[in-house]
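Below you'll find only one chain, the form predicted alone, shown as C-alpha cells.
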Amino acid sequence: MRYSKEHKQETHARIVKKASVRLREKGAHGIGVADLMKEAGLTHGGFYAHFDSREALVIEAFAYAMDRSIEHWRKIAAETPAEKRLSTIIDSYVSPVHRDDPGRGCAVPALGAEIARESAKTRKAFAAKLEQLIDVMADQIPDVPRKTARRQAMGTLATMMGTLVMSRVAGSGELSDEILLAGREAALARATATKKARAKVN
C-alpha cells in the first residue's frame, strides 16, 4: 500500500514527538528504535523510511523539544507584563512540576550530559538550539547592550538548568525541594541585579 505524502509527514511528526518525550525520560540511549516505533504504532522496519539513522531521529527529537521550550517562553513573554517576564520564566522552570516531568520539560538538563558525548553533528545541532534559548532569555532583559543581556541570560540559564539537574538527582524529597528553592532564589537574584543595574544607569 502506498501512502500519501501528507500521511508520511504526519507519521514522521508522530515519531519525532514520541521520541522527544521518551528521550527526555530515558536518555539518549535509554530506548531502542524497535520499542520507540512500537509505541508510535509502527513496525521497526518502517524506521528507515523516515530517518537515515538513529542519530537523525535524536537530532530531530531534540530540536522538537527545544522548540517547545522556546514557544513556551515566548508565550509567557507575550502574556506577561515586561517587568515580570524574566521572573515568571524562572518560576515556571525551577519548579517541582518541571522537575517531576522530564519527558515534557527542557531537553538540556535531561539530555545535555549525554549529548556532549555524541557526534560533532549532534552537538552542533544541540548548540544551535541552545543559542536560540539564550536569545529568548536575553530578549527579556531590555535596556542593556545586547552583549550584556546575552551574558546575563547565559548565567541565569546555567543556574536554572544546573538547579534542575541537581534537584532530579536528589529525588523528590526535602533535599530536592531545598535545591529548587535555592536555585530559584539565585536565578531571581541575577534578574534583580540586572534591574538594579539598569536603574542606576537611568
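Start at 1 and count along the sequence shown; that's the residue number. Everything numeric here is computed off the predicted structure, so don't read it as measured data.
Missing here is the form predicted in complex with another copy of the chain; even so, the following discussion is about that form.
- Query: So, in the predicted bound form, is I90 in contact with another copy of the chain at a 4.5 angstroms heavy atom limit?
  - Reply: It does not: once another copy of the chain is placed as it appears in the predicted bound form, I90 has no heavy atom within 4.5 Å of it.
- Item | 4.5 angstroms heavy atom contact with another copy of the chain in the predicted bound form for A186 | Yes - in the predicted bound form, heavy atoms of A186 and another copy of the chain come within 4.5 Å of each other.
- Item | E178 within 4.5 Å of another copy of the chain in the predicted bound form, heavy atoms | E178: yes, in contact with another copy of the chain in the predicted bound form.
- Query: Wondering, does F126 line up within 4.5 Å of another copy of the chain in the predicted bound form on heavy atoms?
  - Reply: Yes, contact at 4.5 Å.
- Query: Among V165, V136, A63, A40, which has at least one heavy atom within 4.5 Å of another copy of the chain in the predicted bound form?
  - Reply: So the residue touching another copy of the chain in the predicted bound form, by this definition, is V165.
- Can you check 51-59, 31-39, 169-177, 137-145 and let me know which stretch has heavy atoms within 4.5 Å of another copy of the chain in the predicted bound form? This holds for exactly one stretch, 169-177.
- Is it true that I76, A78 and L86 each have at least one non-hydrogen atom within 4.5 Å of another copy of the chain in the predicted bound form? Judged in the predicted bound form, none of I76, A78 and L86 sits within 4.5 Å of another copy of the chain.
- Task: Quick one: name the residues from 138-169 with any non-hydrogen atom within 4.5 angstroms of another copy of the chain in the predicted bound form.
- Result: Counting only heavy atoms within 4.5 Å of another copy of the chain in the predicted bound form, the contacting residues of 138-169 are R150, R151, M154, G155, L157, A158, T159, M161, G162, T163, V165, M166, R168, V169.
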